[in-house]
Ligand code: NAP
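Coming up is one lone chain in structure tokens, specifically the form predicted alone.
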Amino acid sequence: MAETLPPADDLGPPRETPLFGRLAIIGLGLIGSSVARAARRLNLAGEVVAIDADADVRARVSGLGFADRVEGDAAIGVAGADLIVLCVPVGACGPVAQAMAAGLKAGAIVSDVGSVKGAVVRDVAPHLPEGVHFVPAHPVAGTENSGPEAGFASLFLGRWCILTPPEGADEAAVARVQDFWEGMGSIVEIMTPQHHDIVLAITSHVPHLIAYNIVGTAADLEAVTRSEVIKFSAGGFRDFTRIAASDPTMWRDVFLNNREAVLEVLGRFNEDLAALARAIRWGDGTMLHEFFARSRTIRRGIVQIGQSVPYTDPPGGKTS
């Protein structure tokens, strides 16, 4: 069943010729299905192959119609593909790379979308045959929704995508992956895997950890019933904890695979939190005001560069 797509004016016109002949996407959740939709909409690939081990997911993808072919076996699915994008949880990248290795053709480019890069490089690179290029990527985009129905083509529009090519990576392959993400509307930056992991620990990983924790704390308070937490969730609690609805499997793997950077940032956070607690205890209004004013300035800077737009479902509930 072919998918009915709304106009793509916001994404610009499709390419006259595809960047890649065949694109294989392994894992068809929010990110994978969004990549597939964007690639088809913008003619970034001549053929899109969707690969997922879950039979139910494969059936749903077939019904949605955003892939030309749907496969369950990774090695079969990647055969003949020019670009393979791993859209599975970070902890699954190594086993998936091992499973697909036999099907990779010489000259193929393997990438991913994981929010941890050091562990992905460590786990994936050893399984790739000689002549296959590896260019890890991390699109800094998403919603709290999951599954193939949650994806939409404009998810990456105006969002950062960080490439973390390992030392000695083929420059032409890196350039092609950059063209691919820029073709979907992303702003591309290149950095080392190690630098990426410390940056994302503070900008994404620790905030998610705090959000999950405060939801748990609110639920456990004996003096506050669960219904009251839901009923009286003002803007602060509701908006701050939105990200606690994210995929638990993905975030489990993020914290297990970026533990050093997360623990380093969490240690600094605990020190700052203790300083705030002391200021509140001792009535140090000057310290609190200066701290809040500095934080507001940083927040305004985020807004000014356009990275604070809330993620919502596309108008009309369409997920394309």
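Here the structure is a predicted model, which is why all the values come from computation and not from measurement. Counting begins at 1, following the sequence as shown.
Same protein, other form: the form predicted together with the named molecule, not shown, and the subject of what follows.
Decide whether Gly80 counts as a contact residue for the named molecule in the predicted bound form under a heavy atom distance cut-off of 4.5 Å.
It does not: once the named molecule is placed as it appears in the predicted bound form, Gly80 has no heavy atom within 4.5 Å of it.
Residue-level contact is defined here as any heavy atom of the residue lying within 4.5 Å of the named molecule in the predicted bound form; does Gly147 satisfy this criterion?
Flag for Gly147 set to yes.
Answer for Asp247 alone: is it within 4.5 Å of the named molecule in the predicted bound form, judged on heavy atom distances?
It does: once the named molecule is placed as it appears in the predicted bound form, Asp247 has a heavy atom within 4.5 Å of it.
So, Glu290 and the named molecule: in the predicted bound form, are they within 4.5 Å at any heavy atom pair?
Close contact is absent here: in the predicted bound form, Glu290 is far from the named molecule, nothing within 4.5 Å, heavy atoms only.
Within 4.5 Å of the named molecule in the predicted bound form: all of Gly27, Ala92 and Ser115, by heavy atom?
So, yes: the whole triplet contacts the named molecule.
Considering the named molecule in the predicted bound form, find the one stretch among 49-57, 273-281, 260-268, 62-70 with heavy atoms no farther than 4.5 Å from it.
Contact-bearing stretch, as computed: 49-57.
Quick one: from Ala201, Val110, Val96, Leu104, grab the residue that has a heavy atom within 4.5 Å of the named molecule in the predicted bound form.
That would be Val96.
Considering the named molecule in the predicted bound form, which of Met100, Cys87, Val124, Val177 comes within 4.5 Å of it through any heavy atom?
So the residue touching the named molecule in the predicted bound form, by this definition, is Cys87.
Scan 133-168 and note down the residues that get a heavy atom within 4.5 Å of the named molecule in the predicted bound form; none is a fine answer too.
Contacting residues: His138, Pro139, Ala141, Gly142, Thr143, Ser146, Gly147.
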